[in-house]
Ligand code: GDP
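To begin, one chain is listed below as structure tokens, in the form predicted alone.
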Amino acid sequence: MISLSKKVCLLGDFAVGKTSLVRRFVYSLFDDRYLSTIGVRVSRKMIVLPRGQDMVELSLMLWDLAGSEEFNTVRTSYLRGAAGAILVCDLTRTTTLDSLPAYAAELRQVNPGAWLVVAANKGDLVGEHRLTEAQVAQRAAELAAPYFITSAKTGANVEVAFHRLGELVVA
């Protein structure tokens, strides 16, 4: 078994559910109280993935970065060394999907080969959706990224999204 460690970031506007996705993935927990991330919060989770004929024990270092409309030099320094990112939008707020290309560009300016996965979060709030899956699919295609409709609350597609990013960064 091969052991690797990779830094990945969660990027997206404020209150899209980045911290909730990390909590669901790492601890299998959900808390619907909003806790704003200030700066960065780092978590770690070990997953095992196939790579060719081998198995890889991957330590994912998850950097949950504060969401902001302003891209600043502090966040740019947090992005250094990232192998990939989960770009998170909120299905109940259309502007959060519009922000994803800027986050992707900022990441790829620092790490040109970084892999991306799009997580369209809050899939459980069906009656409140303002984005369609087709809109998410189109934006993900523009970013050359797979996408998943996720719910940090129910856990839907959370593991799948993180595992897909893991597969990409170890390929």
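Just count from 1 along the sequence shown to find any residue number. What you are looking at is a predicted structure, and each value in this text was computed from that prediction instead of being measured.
Although it is not shown, the form predicted in complex with this ligand is what the next lines describe.
Asker: Does this ligand come within 4.5 Å of any heavy atom of K153 in the predicted complex?
Answerer: Judged by the heavy-atom cut-off of 4.5 Å, K153 is in contact with this ligand in the predicted complex.
Asker: Does E106 reach this ligand in the predicted complex if we count a contact as any heavy atom within 4.5 Å?
Answerer: No - in the predicted complex, heavy atoms of E106 and this ligand never come within 4.5 Å of each other.
Asker: Although the partner isn't part of this model, could you tell me whether A15 comes within 4.5 Å of this ligand in the predicted complex, counting any heavy atom of the residue?
Answerer: Residue-level check for A15: yes, a contact with this ligand.
Asker: Closest heavy atom of L125 to this ligand in the predicted complex, within 4.5 Å or not?
Answerer: Judged by the heavy-atom cut-off of 4.5 Å, L125 is in contact with this ligand in the predicted complex.
Asker: Please name which of the stretches 98 to 106, 117 to 125, 130 to 138, 54 to 62 has residues with heavy atoms lying within 4.5 Å of this ligand in the predicted complex.
Answerer: Checking each option against the 4.5 Å cut-off leaves 117 to 125.
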